[in-house]
Ligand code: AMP
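Shown below, as structure tokens, is a lone chain in the form predicted alone; questions about how it binds or moves come after it.
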Amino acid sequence: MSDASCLFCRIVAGEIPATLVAETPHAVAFRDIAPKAPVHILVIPRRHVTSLAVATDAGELGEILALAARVAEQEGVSDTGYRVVTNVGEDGGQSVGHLHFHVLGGRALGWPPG
């Protein structure tokens, strides 16, 4: 199921170009167009899920997180460290209403994020 007005659904459908770096039957990983770190990959489910707050498929979530780990290894940040984060809702900083995980690395990432 997809949402024709959703930016990420349109990327999955191939209507909007993106630099894909990895994929599975249920998830896609692509480079963020406004990276916040040398490595900044978004990992999303292929089907439209608005956020982690409504994600109910544990298998799908596991596949997404496993893909995030694979992408970190593929991008060469597994040994030095990386961050995986998702934002939920407007107050949580979610800017696209489609579940997505940011894989960030390639430099020291401070805390709090920013």
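Here the structure is a predicted model, which means the values were calculated and not measured. Each residue number is its position in the shown sequence, starting from 1.
In what follows, reference is made to the form predicted together with this ligand, a form of this protein that is not presented.
- With the partner removed from view, the residue among Arg83, His40, Arg47, Arg70 that has a non-hydrogen atom within 4.5 Å of this ligand in the predicted complex turns out to be His40.
- Though the partner is left out of this view, Asp32 does reach within 4.5 Å of this ligand in the predicted complex, counting heavy atoms only.
- With a 4.5 Å cutoff on heavy atoms, Val96 counts as touching this ligand in the predicted complex.
- Proximity of Arg10 to this ligand in the predicted complex: non-hydrogen atoms within 4.5 Å are absent; the residue sits far from the partner.
- By the criterion of a heavy atom within 4.5 Å, Gln74 is excluded from the residues contacting this ligand in the predicted complex.
- Residues from 69-91 that approach this ligand in the predicted complex with a non-hydrogen atom within 4.5 Å are limited to Asn87.
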